[in-house]
Every structure is written in structure tokens, then in C-alpha cells.
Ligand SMILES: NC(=O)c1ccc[n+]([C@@H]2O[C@H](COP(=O)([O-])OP(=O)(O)OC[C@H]3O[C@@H](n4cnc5c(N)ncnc54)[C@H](OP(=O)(O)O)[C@@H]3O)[C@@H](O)[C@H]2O)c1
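Encoded as C-alpha cells, the following chain is the form predicted alone, with no partner shown.
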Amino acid sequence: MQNVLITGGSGLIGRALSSMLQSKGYKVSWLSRHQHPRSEYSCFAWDIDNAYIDEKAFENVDFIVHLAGAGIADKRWTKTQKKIIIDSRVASTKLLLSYIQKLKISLKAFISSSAIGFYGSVTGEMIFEENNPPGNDFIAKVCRLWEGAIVEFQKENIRTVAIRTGIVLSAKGGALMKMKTPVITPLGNGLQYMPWIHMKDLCSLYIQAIEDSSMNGVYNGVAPEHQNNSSFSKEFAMVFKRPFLPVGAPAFVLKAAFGEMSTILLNGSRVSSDKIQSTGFKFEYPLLKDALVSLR
């Protein structure tokens, strides 16, 4: 039985991935800032601020899946919140590496979340691929620093994979639940693209990254179908049987409400899934309509 240690295991993606891994015969444990007495998984404490991890977490570990990170859209992007967003990703990754080095752990792979925000919050016709340079806004900076910390694992001869994730669709929370308003409308002009992925496909992608030793480097975790905010909203309204109004919330209202964070709501480009598909990965939900129907 192979052992997978997950950070952020109690989060939306972490719980789904933990369940799928366990069903496939893996032993799963979590690193967590909080106790989870009802969890079916072994939980070990870590404290990023105090650079502490319970060393028992690393006993017989084969893989680490790093999902921890403060929610991008949880609060307005104050100076303090921006530091929390960065440190929860970058400092946590560096802390994990320091323990791997100190304890001389021979990991089979280190697999981490990243985000399509790497390319920047821009709206355009370009289809971004993994070899494109990072953008210039705050989220692009976060992802650039994050991936800079992730790649350090390669220097320890550890196979390293980063998954640049799009909008994750799940029936148990996240973006989809926030979209379930009484009336569905686009945001701003609705032309911004919304790279998305079904939760089951994302978990399957992580499992392939664990099992396929030829996977290295960065992969976009998005479905192959491109949808902009307007077309996504229409499809959502149809599947969930809600009225659709083509005139959405004006950009100036969103900017006033969310400040700088509104950039991730009002902008977005297409992102390619070609690289992950070239590994043989098959999406169970390549089309948005089928993904939404499965989550009703």
C-alpha cells in the first residue's frame, strides 16, 4: 500500500481526492492546522508561521500532494491579505521542502496545485499553454512565486508536478454553489473566458500524476471546451432551470464591491489542455453541459 500525504486535505478538492485515493487502495493522511477528530484519515499538525511539522507525518510517505492555500476570493486584497495568500502557498512549500531535506525523505513525487492565474487576468483570443510566460498582476505573481518554490523539489531529485487549475465544478461547494443565484446573469460584458474542470476529472488528473512516472513539470488542469462567462451562464441557467438575464452586473459595480480582486471576475482567457491530453489522460467531462448535468 502506497502512502499519500495531503496538505489542505479538509478542503473541497482535498476531501474529494482523499476519497478517490482511498477507494483505489492508497493510504491517505493529512497535514492540517486544525484537529479533525471525525476524520477517517490520520491527521498530523503543521504550523507554517512557526515553521513546524509533526515529523511523524513523513513516516513511510511515498507521495506528497500539496493543496493548501488561503482562498483567493475569501477577502478583499488588502496588503495583509495578499501576504497571507502568498505565504500560505510559498512559505508552506518551502517548509515542506526543508523537512524533506532534514529528514532525508525519498519521495517518489511531489505534486502541487497551482492556478491558471499564472497567465494573468486578461481577456483575449490567445490560448495559453504551459510554456507561456507569467502575467503581470497580483495572482500571476502569486503563481510565479508558488511555482518557483515547487520547482526546488527537483533539485532533490524528486519528480515534481504542478497542476495549474481552473474553476473547479463540484456539487459540494466552491464556485458552482456561488453561481446558484435565483437569476443567472453574466459578469461585466460576459466576454471573459472561464477555464473550468469537473472535480472528478481534477482528482483523476492528480491520481495520474501520482501513478504516471513520466509526468514532470507543469500541466494545465482545465477541460478542453472553452466557455466565456456569458455562454457559461446561459448553460448553467438552462441545466439548473433558472431564468437568465443577458444584462449582467456592470463592471464598475464589481470593482466597487471587490476592489482589485474584481480582475479575476471580469477577465479571463482560454487555456489549453493539449499537454495533459498528450499524456493519454481522458476527460470524463470534456463538455460543460454534461459536467453541469452530473452535478445537479
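Bear in mind that the values here come from a model prediction, so they are computed numbers and not experimental data. Throughout, we count residues from 1 along the sequence that is shown.
Unshown form predicted in complex with this ligand; subsequent notes refer to it.
Contact with this ligand in the predicted complex, judged by any heavy atom within 4.5 Å, is made by just one of W146, F110, Y219, Y193: W146. Note on the partner interface in the predicted complex: the residue among I84, A171, M126, L103 having a heavy atom within 4.5 angstroms of this ligand is I84.
Although the partner is absent here, L67 is a contact residue: one of its heavy atoms lies within 4.5 angstroms of this ligand in the predicted complex.
Remark: G166 counts among the residues lining this ligand in the predicted complex, judged by a heavy atom distance of 4.5 Å or less. Of the heavy atoms in L12, some are within 4.5 Å of this ligand in the predicted complex. This ligand is not drawn, but in the predicted complex it has no heavy atom within 4.5 Å of A223. Heavy atoms within 4.5 Å of this ligand in the predicted complex are found in exactly one of 86 to 94, 151 to 159, 207 to 215, 127 to 135, that being 86 to 94.
Residues from 94 to 121 that approach this ligand in the predicted complex with a non-hydrogen atom closer than or equal to 4.5 Å are S113, S114, A115, in the order they occur in the chain.
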